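Same protein, same chain, two forms; see structure 1 and structure 2 below, as structure tokens.
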Structure 1
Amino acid sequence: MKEKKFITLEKQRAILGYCFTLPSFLGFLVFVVIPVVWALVISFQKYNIFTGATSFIGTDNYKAILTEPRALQALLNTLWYAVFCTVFNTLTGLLLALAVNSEAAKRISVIFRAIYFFPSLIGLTFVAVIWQVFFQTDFGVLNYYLGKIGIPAIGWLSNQHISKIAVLILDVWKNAGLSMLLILASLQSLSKDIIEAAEIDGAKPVRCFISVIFPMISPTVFFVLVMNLTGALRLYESALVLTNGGPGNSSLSLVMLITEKSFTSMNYGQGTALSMLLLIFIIIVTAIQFVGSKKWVNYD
């Protein structure tokens, strides 16, 4: 008689773990890996979106993009968004979290949390339409109140040097609340004993924050920083509704140009080539962030 083979408990647990992770793995494979590989292949071809006919043209799509002034302008704009939207979203979220977590605001912190987080729940397209009215030069709310204090009307959406600032204001108003909520959760999980010990030792509030509080919440701040950076690199709806990339491509983002190339100009090859460049750019920037985080993020 053949001996029966029994599966050990460790193997049973391993098989069960693989079964639980299999749906996520399949989803990642079908909806991420395969589309990225397909886009990479198409980026080296001339692709007819209507018939599906393709012809290999090598790196011509990449050469056309890298020599196109609009693409270079969109890249510079996206870099601008990546820096300023990331910094202001993270910094505003941190300051709001500290304000809501203060002793004076704890009794009404629920109200403040709801007020600051509410914009994150509203559809971005709807919000952008409302802010488009606020930014109007002649009848906008912002210029009305600026005029009350003697500041002349600003062409928020018509000035090439200010249009990106208008997009920045909308992005911070929309997304800073989520950053605040994440950092606030980290602040409220801190041990009060450590903070009280630092205060007993004579640490002032600023020194206590820099030397005690911030190192303990630095992993959460880093996560918020990465989240805001990837969001800024994918900025699309706010700039599209507010300025449509104008005036003079001054607020055009890479994602807007990818959409235009692919679905307006029907140049799917250049659109996918531009999306691959954006993907490479995101990977490089994120890698730099992770390398730099070793100097200031404390996981102990």
Structure 2
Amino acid sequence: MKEKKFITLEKQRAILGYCFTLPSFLGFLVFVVIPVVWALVISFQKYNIFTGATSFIGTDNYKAILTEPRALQALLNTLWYAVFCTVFNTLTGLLLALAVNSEAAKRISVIFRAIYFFPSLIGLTFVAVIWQVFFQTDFGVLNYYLGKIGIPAIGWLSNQHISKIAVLILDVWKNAGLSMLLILASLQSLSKDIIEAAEIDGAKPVRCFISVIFPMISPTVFFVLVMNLTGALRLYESALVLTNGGPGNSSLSLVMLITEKSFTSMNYGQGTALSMLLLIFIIIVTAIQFVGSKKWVNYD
């Protein structure tokens, strides 16, 4: 009937499909896909970023970083952050969410939610500068109050065994609010009937949480856990501002070392080799997420 329309609607929609997807697709190709493949290549090269000159040196970069004590220390520190930042962020988020969602906070829960969440919106570099002042050994706010209850001054930023804990405290203070927000949203979407039914059946609050509520929010908690884990693997600004990786290398993170190798010592090969290790960690986490979200997490 419509002879003059040469292009069918289906074709029109396909053409529009290409017009709509190509801008971002090409962008991701140029700014993500090609760079990641290129980075893999550079990790086997001696590379000059300004001239582009390269020479293939096999696995030398990997051998160099895997035998360098400083790099091993950074890897170990990053695993430490991955475990503790992830656990404490998720746990704090969960506890705050339960508190905000409780009957006690009912009328003012929005205010608590806003306060706990606010630090998540602020740039880490801004607040890290404040916390650096708080963590000072002699004039720091933290030690002042600890001193009041009889705890001797702690070298938050100057003691090798404690510097990571200072970074952890800042990280949890900064990020737990986002975990809380996501878990809280999940709690609030639960049907009240099931929980009430459990309570009427005489389940104690703890028991009710473990066997009724937690299974229902577990997909969100799992998501938050993974989010915190990938965040912890990329930990950077907090350690940079608080301790600059020190004392010694005690709080040096993987991303700090990647940046330092690549852009301070101009050793791009070793810098990208380290970044490939980061990528491997993230691929492992993503694989666990993929399998985990299918298997042991309760979706209803």
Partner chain sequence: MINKHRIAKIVKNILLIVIMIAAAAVFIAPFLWVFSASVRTYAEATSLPPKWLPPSLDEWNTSYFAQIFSGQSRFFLWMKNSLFLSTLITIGMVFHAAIAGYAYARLEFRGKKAMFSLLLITMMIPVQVTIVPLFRIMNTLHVVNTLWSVALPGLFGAMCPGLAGGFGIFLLRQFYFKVPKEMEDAATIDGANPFVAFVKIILPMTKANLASLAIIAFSFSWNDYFNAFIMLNSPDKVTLPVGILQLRQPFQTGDNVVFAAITMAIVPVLVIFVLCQKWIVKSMINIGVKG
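Structure 1 provides the reference sequence; residues are numbered from 1 along it. Basically, rigid core = biggest C-alpha set you can superpose within 1.5 Å across the two forms. If you're wondering where the values come from, they're calculated on a predicted model, not measured in any experiment.
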| task | Could you point me to the form predicted together with its partner chain, 1 or 2? | result | 2
| remark: Picking from 134, 138, 212, 280, the place where the chain hinges between its rigid parts between structures 1 and 2 is 280
| Based on C-alpha superposition, what is the hinge rotation angle of the smaller rigid part between structures 1 and 2, rounded to whole degrees? | 11
| Value in Å for the CA shift of residue 287 between structures 1 and 2, taken after the core is superposed | 2.9
